[in-house]
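Two forms of the same protein chain are encoded below as structure tokens; each is given separately, as structure 1 and structure 2.
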Structure 1
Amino acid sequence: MAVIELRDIRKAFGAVEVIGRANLTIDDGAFVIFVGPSGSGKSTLLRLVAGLEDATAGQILIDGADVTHLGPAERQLSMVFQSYALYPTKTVRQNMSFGLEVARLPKAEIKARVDGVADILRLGDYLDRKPRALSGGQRQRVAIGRAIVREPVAFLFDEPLSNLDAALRVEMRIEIAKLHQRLGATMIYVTHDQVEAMTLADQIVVLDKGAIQQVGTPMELYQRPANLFVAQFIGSPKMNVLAVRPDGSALVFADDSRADFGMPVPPSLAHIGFRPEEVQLLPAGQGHLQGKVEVVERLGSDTFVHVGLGALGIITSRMPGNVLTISQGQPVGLGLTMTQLHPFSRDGIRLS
């Protein structure tokens, strides 16, 4: 397995900088996910690790060895792409063994590796089938198996589930999580889906505009986002954010309404954030803010109530799925707890 280090890695296409001085250490055996919106640089950063892009500056080290100027094959990494990229005329066995045959490994070793990986991925019954006779999930398992048989030092996944339907995505998330537990391998995984990131990763690397915004465990990012971007990117539904200004122990909102918590408020506070589950719906006239229910989304296990606050916009409250007393157009109060508020400065940086 491998420790992967990025030291001041920079990537520019002409005058356009897409990765700016990234520093990151990925521990041996870790499952690290690069997440961010389209254009954030996550796939470019993965391709730099893989050797599919040349770094403009900086170093990439694998187990302490500088591989910055080595080609993809020399880095001993395996990559699984968004597209399965299987040979349509070859069987599952032939697809999985092709790279080993090119490397001129003994036939007995090739067979042993393919059979072993097929057993891990539950592909033993499909080894003689061609890709057209497989489901999307089975094809993706073949693509993953083709990477495993090479016995790389680390696995790289570039949005491997984006072509699957919702049910298969859930199934394959479980498969990949189990695979990591079984192999104990270093894995780097790119996705724009923060649900995938939260459910799979040991560590999440959040990127925006080519810069690493925060690195941490899923719950660290959820409970203590470093800035407003991370706060609103991680979590579904996203964190509610309101502009405020401090006035002693009170918060003054953009519409000049006030909420006094009886506690000191940081003088540099400019925004407060609170998760949907951290806001309490109360009868009208109670609580810190007043609004009207705009939309009620009943999802079975949860109910999401979207409350309009006039000039302040719309906030979302997460409630149990069996709550039936909330209806569209209903006036409500909103209760907040100071200790559950996430404070941010004017430039969006977390204050504490």
Structure 2
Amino acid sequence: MAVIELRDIRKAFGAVEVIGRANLTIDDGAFVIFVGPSGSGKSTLLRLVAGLEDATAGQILIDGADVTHLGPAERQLSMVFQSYALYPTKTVRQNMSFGLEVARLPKAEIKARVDGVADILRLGDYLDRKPRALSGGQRQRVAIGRAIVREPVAFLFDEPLSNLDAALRVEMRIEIAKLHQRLGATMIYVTHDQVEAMTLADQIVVLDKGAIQQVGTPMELYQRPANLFVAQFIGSPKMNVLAVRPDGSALVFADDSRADFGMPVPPSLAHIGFRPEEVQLLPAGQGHLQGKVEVVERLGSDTFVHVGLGALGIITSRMPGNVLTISQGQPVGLGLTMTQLHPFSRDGIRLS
């Protein structure tokens, strides 16, 4: 049970700064997900918390105690690695016991803890096997089991599901969610998959270029992204963005077409963003923008329609169900829900 605080954490490898002045507080028992594209620094940030990397500057506190200069084990954390990192020469039982043996726990207690965790994770039948005799999902559970037996103050996960196939990934995602409910422990989880982030997290930390872009609940990030990066990173298909100029209470697009905003437009407005579900397809000539259907993607549950607007680019509309009335090449009008527009400044910062 732990509150984890990062204060002005910086990390540089030589002259290259990978994390610049990160500040973050992770509440006790929270499930926090670091998400971002590759190279955003999310894994480095996790490894700084773990103690696998030394911070160049700043402090890391766990329950108020400064652990910046403590080694990984002394921080009382457990970690599940992307490759699982199971010890190949040890059996499942030995893999799970190793950390406890290092800490010189009594043999009886080690056995009790390992058996208990194996029970929870349904690993009882595999305890004497070597990792190479296990399936991907079983290896994943051993890795999680090895983390649990140590009864850490917090769990760290580094892209734990990325080596699994799609079906197993969904299954393990649910198992991890249940595990969090059961243990109630603080968990920090790194992923580049925003579906994992949206479904698992209490709090999402979005990173890009070594800086924290926004911290919030999944719905906060979806509904009020703090900047263009977050707006386009969270949500699938991603948010449409168009460059605009304000003109009184109207928006002027790059091709000089206009749309009535219904209220005074903030003078610093430079981009508007709108989710695909806020774009209505209308007969040609109606709505705010005119274009031509370029590609229709039918998922069964949803239909994604990509509409080319010439110089303005492509706008994606999402409609529930299988919409049969739309076909490629058809001219259409686009209606935007003005109240659901996300306004951004020239620098990509959210306005209002």
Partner chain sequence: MTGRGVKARPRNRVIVNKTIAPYLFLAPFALFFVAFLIVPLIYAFDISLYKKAMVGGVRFVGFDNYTKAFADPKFWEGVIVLFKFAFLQIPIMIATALVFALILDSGVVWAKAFFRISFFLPYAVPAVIATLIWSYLYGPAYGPIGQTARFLGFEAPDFVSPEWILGSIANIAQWQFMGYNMIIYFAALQAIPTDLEEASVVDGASAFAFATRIKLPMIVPTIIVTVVFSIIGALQLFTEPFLIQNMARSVINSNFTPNIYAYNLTFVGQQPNYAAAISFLLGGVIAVASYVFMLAVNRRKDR
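Here, rigid core means the biggest group of C-alpha atoms that superpose within 1.5 Å across both forms. One-based numbering along structure 1's sequence throughout. Computed from a prediction, not measured in an experiment: that's the story for all the values here.
J.: Between the first and the second structure, which is the form predicted in complex with its partner chain?
T.: Answer to the question: structure 2 is the form predicted in complex with its partner chain, whereas structure 1 comes from elsewhere.
J.: After fitting the rigid core, is the C-alpha of Lys178 off by 2 Å or more between the two structures?
T.: Superposed on the core, Lys178 moves its C-alpha less than 2 Å between the two structures.
J.: Spell out whether the Cα of Ala103 moves at least 2 Å between the two structures when the two forms are superposed on their rigid core.
T.: Yes, its C-alpha moves 2 Å or more.
J.: With both forms fitted on the core, give yes or no for whether the Cα of Met79 moves by 2 angstroms or more between the two structures.
T.: No, because once the rigid core is superposed, the C-alpha of Met79 moves less than 2 Å between the two structures.
J.: Align on the rigid core first, then pass along the CA displacement of Arg129 between the two structures in angstrom.
T.: The alpha-carbon displacement, core-superposed, is 3.4 Å.
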